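Just one chain is shown here, as structure tokens, and it is the form predicted alone.
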């Protein structure tokens, strides 16, 4: 069977609300890595946990997972509402450093009264306003990532100079909702800018996704819905001056793989949707993480590989490599440096 003209992408959620040990998440991430999945996601929110339960911070957990894995991308959910863009930028840049270029960011907004009351900073706002604010956050965060040029660090012990101050830049971002001066306290991430992902199932998110996202999730069980949303966001991205072929659109589905027939059905579904053009791949949300992810890696992935639909090894070291994305140039660097 001939190889497809575009690569198939696979990712998996490793959410486990009742698990509080880092080793559990390390095991799941290593499973995904054994199957050469592009990345794993870990969800998070600002909602108060249910009585008698707790919640781990996704960014912190994946920073712990990073040194115990080698290639798989690590994509936590980080909420823009009620959160300072400077802290979002620094946390994600740190994850990119500790993972050696494998960080991503699933952007989320906080749209419930419970979350607003839990944080206590301000009342809840309509989704349109929240995503307009998220648009500003994504812009400010990208500028902060660029606020250090790639060779800004000198580390000259003899002269005592750590950084070339001429290669640090104020971002001086002023938006409708906040202002950020910068520069960041963390050097520019290894990927230049970590990969940005968003759940764009809801129409209110489409404009944000078209402007900022590298990866888009569509939560649907319906092929036609996935196809329509993918086409819509690609058109919006082109209208925003972006190359729509640089967007990876993943159908996000919940699965439970109980018997061998489930492994086969999932492989057929992935192949059908991919060939139809409804999605560029799948974001798998396992019902029982250890069982389902293990069977995805040991049964479904080999079937896709046998059909020449999915790779057998990672194409590079960074998450951008896995997704076929170039490392972006720095907006503040002088032209001869930006072209390197």
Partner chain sequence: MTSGVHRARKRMHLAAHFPGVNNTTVWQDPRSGSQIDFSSFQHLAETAERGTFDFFFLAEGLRLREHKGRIHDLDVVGRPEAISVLAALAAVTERLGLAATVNATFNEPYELARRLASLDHLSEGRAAWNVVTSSDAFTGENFRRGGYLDRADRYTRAAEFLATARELWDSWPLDEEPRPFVHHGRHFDIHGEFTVPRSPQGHPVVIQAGDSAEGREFAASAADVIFTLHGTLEAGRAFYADVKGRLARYGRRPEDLKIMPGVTFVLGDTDAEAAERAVEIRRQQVSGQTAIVFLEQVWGRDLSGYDPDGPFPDVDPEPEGQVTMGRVRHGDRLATAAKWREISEQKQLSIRETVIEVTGRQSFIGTPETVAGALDEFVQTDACDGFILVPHLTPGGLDEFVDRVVPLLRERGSFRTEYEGSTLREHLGLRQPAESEDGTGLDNH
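Just so we're on the same page, rigid core means the largest C-alpha set that superposes within 1.5 Å between forms. Note that the structure is predicted; figures quoted are calculated from it, not measured. Residue numbers count along the first chain shown, from 1.
Absent from the display: the form predicted in complex with its partner chain. The rest refers to it.
**Student:** Sort through 207 to 215, 244 to 252, 88 to 96, 191 to 199 and report the only stretch with a non-hydrogen atom within 4.5 Å of its partner chain in the predicted complex.
**Tutor:** Careful reading of the contacts points to 88 to 96.
**Student:** Answer for residue 219 alone: is it within 4.5 Å of its partner chain in the predicted complex, judged on heavy atom distances?
**Tutor:** Answer no; every heavy atom of residue 219 is more than 4.5 Å from its partner chain in the predicted complex.
**Student:** Check residue 184 for me: does it contact its partner chain in the predicted complex (non-hydrogen atoms, 4.5 angstroms)?
**Tutor:** So residue 184 counts as contacting its partner chain.
**Student:** Mark residue 180 yes when one of its heavy atoms lies within 4.5 Å of a heavy atom of its partner chain in the predicted complex, and no otherwise.
**Tutor:** Contact with its partner chain, yes.
**Student:** Counting only non-hydrogen atoms and a 4.5 angstroms cut-off, does residue 157 reach its partner chain in the predicted complex?
**Tutor:** Close contact exists here: in the predicted complex, residue 157 approaches its partner chain to within 4.5 Å, heavy atoms only.
**Student:** Between the options 132, 231, 269, 118, which residue brings a heavy atom to within 4.5 Å of its partner chain in the predicted complex?
**Tutor:** Of the candidates 132, 231, 269, 118, 118 is the one lying within 4.5 Å of its partner chain in the predicted complex.
**Student:** Ok, 311, 307, 30, 64: which has a heavy atom sitting within 4.5 Å of its partner chain in the predicted complex?
**Tutor:** Only one listed residue qualifies here, and that residue is 64.
**Student:** Could you pull out the residues of 137 to 166 that have any heavy atom within 4.5 Å of its partner chain in the predicted complex?
**Tutor:** Stretch hits, in order: 137, 148, 153, 155, 156, 157, 158, 159, 160, 161, 162, 163, 165, 166.
**Student:** Inspect the rigid-core superposition and answer whether the C-alpha of residue 54 shifts by 2 angstroms or more between this form and the one not shown.
**Tutor:** The answer is yes; the displacement is at least 2 Å.
**Student:** Note whether the distance between the C-alpha atoms of residue 256 and residue 49 decreases (closer) or increases (farther) in the predicted complex, against the displayed form; the change is 3 Å or more.
**Tutor:** Their C-alpha distance shrinks by at least 3 Å in the predicted complex.
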